[in-house]
Every structure is written in structure tokens, then in C-alpha cells.
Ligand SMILES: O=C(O)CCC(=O)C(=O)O
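Take a look at this single chain in C-alpha cells; it is the form predicted alone.
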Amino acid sequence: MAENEAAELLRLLEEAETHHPTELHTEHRNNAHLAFPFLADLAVDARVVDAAESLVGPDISLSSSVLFIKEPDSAAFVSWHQDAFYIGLEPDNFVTAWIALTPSTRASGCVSVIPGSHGKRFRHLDTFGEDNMLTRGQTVAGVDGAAAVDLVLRAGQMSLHHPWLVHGSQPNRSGRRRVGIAMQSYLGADVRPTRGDYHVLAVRGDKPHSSFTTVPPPTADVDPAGAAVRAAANLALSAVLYDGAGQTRAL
């Protein structure tokens, strides 16, 4: 999308942060598309969904979303990891769309990927690192950072990545916020949960399989119905992501 369109989405997001500080903060950035219509509209935007459809097929649902916001000159980072390791979905016919609302550069801590790594399942260690933005601080050890490719994006661009692609991002060393939203993930019709209860948004084509709980999009910012839908989805997602973990953090 055009940079001015991304700037308008950023304005709406920052306005929402101001008016609803208990709903959008560092420890509460999952599934905001279930409580804010402008993010739900982005989740079903044809420009995003067309790209997802080219990879996963015409019948699509969205399992969750995450706002990845790094404040200026902050230590927050994302360790090397594979999304699918803890996500509890099979087969691997799903894709994450990472949409930049501000420039995502090497200086601001853009996403970096290890080419070809999606062909292997790596062992992960839970670190629960204070500055690690991942739920469990899950980390693949021994990654050769020199092999990484930086996914530099202007505001309004997006990247797409496979659920088993090793990726991460460094701290934001720039003087402005780095704001992105990961639609994680767009699911093809054959995908099923292997544990837990996924609360999904119907995006395109046939309705989601009965093994998922299908939820409605919000009609207003954090109205009681939307807030309840988001809270239930986050509770269910937490049970999936923290399955077997020794501790948890808020979603």
C-alpha cells in the first residue's frame, strides 16, 4: 500500500494506544484485530489475502495476529526461532504476513531470515529473556547470523514467511518507533489444530473447519462484545503457546 495509507493506519493505532492503554501495551498486543475494526479490515484486505491465497489456496482463515512494536533505542529483540515449533497447527499450509506501518530497516531492527531453513525442524530452548519479545523467549541455538537476509521494508510493504523459516530481529537502534503487525497466520483449508482451541477469523472462501472456533470481526473499538472475543481468543492461544512451559507471560 502507499506510504500515506500506512501512515493513516499508524495514526489509528497510536490513537487507539492513547484511548485504550489497557488494551494495547507491551504485554497485550496479541489479537488486536479482534477488538479494533481498522486492524480487522487490514487482516482481510485483498492485497494481503491475494498474496496469502497464492500460497495456501482459496479457503482461508486467520489464526491470530501480533503487534511487534519496538520503541526508539530500545533493547527489545526477537530471537532466532521457527513459528511452527510451538503453534500447534498441521500440516504446514499456512503463512505469516508481516506488514510494516513504519520503515523496517536494519537500524530499526527489521526481520531477518535464514534462507532454506524451513526444510528442517530445529530444537528450541525457552529463555524467557526480559527483552525477548517472544512468548517463551524460544531460541534456536547456533544460528549463523552471517547467513541471514534482512527483510528491509518501507512503510506499507509486507513480507511473507513459511511457518518453519528460522527468523528473528535485532533491537531498534534508530530514533523512531518500528511498528509492524504479523498476521500469524493465514491458514489453508486443510490445516487443523493439533492441540488446544484456536479462535479464527473467516477471511475468504469456505467457512473454517469445525475443529476451529470461528469468531466475528469487531464492530467498534473495544466494545464489550469485541473485548470478550479477544480475551477468549488470547486465553485459548496462551494455552497452546505455553503448553508444557514452566512459566507464562501475558498475551
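Don't overthink the numbering: it's just position in the shown sequence, from 1. Values in this document were obtained by computation on a predicted structure and should not be read as measured data.
Keep in mind the form predicted in complex with the ligand is missing from the figure; the text below concerns it.
Only one listed stretch (54-62, 179-187, 192-200, 36-44) carries heavy atoms within 4.5 Å of the ligand in the predicted bound form, and that stretch is 179-187. By the criterion of a heavy atom within 4.5 Å, F212 is excluded from the residues contacting the ligand in the predicted bound form. Interface membership of H81, defined by any non-hydrogen atom within 4.5 Å of the ligand in the predicted bound form, is confirmed. Taking the partner from elsewhere, H161 is found to have a heavy atom lying within 4.5 Å of the ligand in the predicted bound form. Under a 4.5 angstroms non-hydrogen atom cutoff, the ligand in the predicted bound form lacks V113 among its neighbouring residues. Contact annotation for 163-178: residues with any non-hydrogen atom within 4.5 angstroms of the ligand in the predicted bound form are H167, S169, R178, listed in sequence order.
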